[in-house]
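Coming up is one lone chain in structure tokens, specifically the form predicted on its own.
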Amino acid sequence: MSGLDDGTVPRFPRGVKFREDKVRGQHMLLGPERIFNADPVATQILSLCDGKRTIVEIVDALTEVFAADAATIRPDVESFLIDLRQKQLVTL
């Protein structure tokens, strides 16, 4: 797996929405004919994918949330986003 450039800006493509299901108390990633329930870690990452923040800014924000260093967090964030890109749920 190749890493993402520091300036990569993850965003949701047209037709993909990240929403909170208040009835069930969880977040979901809604794609064309697909629904993915987001666990708490995925929710943190996806909530930062606003189409403005770079991968570096997302990782920096997560280091504060999880009290871990960027070197530990970044590979997991990249892997998660690359997986979502392959499913056409995020563009990088």
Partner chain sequence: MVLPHVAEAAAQPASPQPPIGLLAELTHRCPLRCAYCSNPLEMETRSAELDTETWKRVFSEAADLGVIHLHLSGGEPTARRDIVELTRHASQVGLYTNLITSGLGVTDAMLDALHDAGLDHIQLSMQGADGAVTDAVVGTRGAFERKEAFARAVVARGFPLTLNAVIHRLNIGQVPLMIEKAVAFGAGRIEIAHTQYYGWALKNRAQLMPARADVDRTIEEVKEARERLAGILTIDAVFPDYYAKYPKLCNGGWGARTLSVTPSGLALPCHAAQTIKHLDFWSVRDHSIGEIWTSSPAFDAYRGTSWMKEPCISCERRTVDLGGCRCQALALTGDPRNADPACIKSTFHSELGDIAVAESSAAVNLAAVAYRGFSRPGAEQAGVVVAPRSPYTERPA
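Residue numbers count along the first chain shown, from 1. Predicted, not measured: the structure shown is a model, and the values here were computed from it.
The form predicted together with its partner chain exists for this protein as well; it is not shown, and the discussion that follows is about that form.
- At least one heavy atom of residue 23 is located within 4.5 Å of its partner chain in the predicted complex.
- Taking the partner from the other structure, its partner chain in the predicted complex has no heavy atom within 4.5 Å of any heavy atom of residue 8.
- Shown alone here, residue 37 lies within 4.5 Å of its partner chain in the predicted complex, counting heavy atoms only.
- In the predicted complex, at least one heavy atom of residue 32 sits within 4.5 Å of a heavy atom of its partner chain.
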